[in-house]
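Below, in structure tokens: the form predicted alone, a single chain.
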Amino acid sequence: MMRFAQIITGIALALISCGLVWSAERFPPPDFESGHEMPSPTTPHPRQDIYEYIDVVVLLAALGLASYLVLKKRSRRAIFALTVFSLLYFGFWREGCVCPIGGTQNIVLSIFDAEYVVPITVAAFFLLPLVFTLFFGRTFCAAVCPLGAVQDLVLCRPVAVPSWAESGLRLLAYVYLGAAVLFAATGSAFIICRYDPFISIFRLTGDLNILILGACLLLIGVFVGRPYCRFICPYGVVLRQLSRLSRRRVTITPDECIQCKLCEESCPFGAIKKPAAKWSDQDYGIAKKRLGFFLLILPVLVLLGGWAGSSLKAVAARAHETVRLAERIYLEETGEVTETTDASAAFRATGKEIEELYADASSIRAQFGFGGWFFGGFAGLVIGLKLIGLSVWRQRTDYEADRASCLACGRCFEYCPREHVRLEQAKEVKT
């Protein structure tokens, strides 16, 4: 209704403006009888600031409600209802924007570019889920994120992903995060937004390749629980680490675990950890040696990763428009191509010196070389820490929801016998 009222108001103002302009016209309007048609916009119209602030209020309310439903109410049905609302509101109604996942790039760009100021609504969308995750776990993923919601709704026949495969596939999200930070820091591209697999679905328009990518992920999501969230989402990497420190967390059972094993099959995300007995002396000795070896090679992995990332500077720098323009101008100047492009013609019209363009491109390549060391080193560090984690033993006596991997969907609640006892006791108290 708000959008409808906004459209009606805009039409009325436009008609009034046209009437005023028509009365003052000295020349008749151009005649477009040649069959020319004005192109329709392919991006959503800019929203007024008031609606962006409303979005922040809705986000805050949804996060608070999701935390209550997960940790206090423990109701899968209510969580599912909130998931549907988030998909309709943040996904289809607001067309996937503002997005906390894409907001990561805005924050990075503001750090490296003093002239860029992050809109307060973008900063709020980026920070609020992080704050709630730090206190209540991944309740944003549970029922607020529209990207997670659309995947959750298509999950019909979940199959288990082997732990070794899940651990390996999760590296993609860390690499994606590192690449997004690198491209945003250099002002080259916002690759998270550019390759958002579900934005074309939310807007019912857009790049066909991205639409196909989103459809493929949804098809995979019928069998693999939330593939984008678990293996690709760069924002999920940050949420994973903060959830390890969360003050409160999801518990499968409301009180004691009776080791019934029913919850083991309920989680489609591989986030339930089985009880783990103490290692034997032989296993402990092997793990200790393996841990020592991985600790020794950790610096080597970081250095190798940094070197590999830096060596890709020439290729990665082409994502920046200045570098692409400089390469095109060079081809034209050396006679390797005879035709000009719109970009090269516009550059020549500015009268700017070509050598100055080459210098700017060289500086950007140097930035990619420097940033590539951090990007590759980060990837090497993540790989090394994952290997170290294989050698660390954690004793568990009960079935537990993994703090980092648990998406707080609440499916395990319905499988726990102790949860049913709690609900029966609550009914008796009410009656």
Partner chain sequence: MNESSRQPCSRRQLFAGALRYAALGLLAAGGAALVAKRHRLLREGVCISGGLCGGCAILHQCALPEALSAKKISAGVHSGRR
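Not measured: the values here are computed from a predicted model. Residue numbers count along the first chain shown, from 1.
The discussion below concerns the form predicted in complex with its partner chain, not included here.
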{"query": "4.5 Å heavy atom contact, residue 134 to its partner chain in the predicted complex", "finding": "yes"}
{"query": "Contact test in the predicted complex: residue 157 vs its partner chain, heavy atoms, 4.5 Å", "finding": "no"}
{"query": "Any non-hydrogen atom of residue 114 within 4.5 angstroms of its partner chain in the predicted complex", "finding": "yes"}
{"query": "Residue 299 within 4.5 Å of its partner chain in the predicted complex, heavy atoms", "finding": "no"}
{"query": "Residue among 219, 169, 312, 107 with a heavy atom within 4.5 Å of its partner chain in the predicted complex", "finding": "107"}
{"query": "Heavy atom within 4.5 Å of its partner chain in the predicted complex - residue from 212, 304, 343, 130", "finding": "130"}
{"query": "Contact segment among 202 to 210, 322 to 330, 114 to 122, 160 to 168, judged by heavy atoms lying within 4.5 Å of its partner chain in the predicted complex", "finding": "114 to 122"}
{"query": "Residues of stretch 239 to 256 in contact with its partner chain in the predicted complex (4.5 Å, non-hydrogen atom)", "finding": "242, 245, 246, 247"}
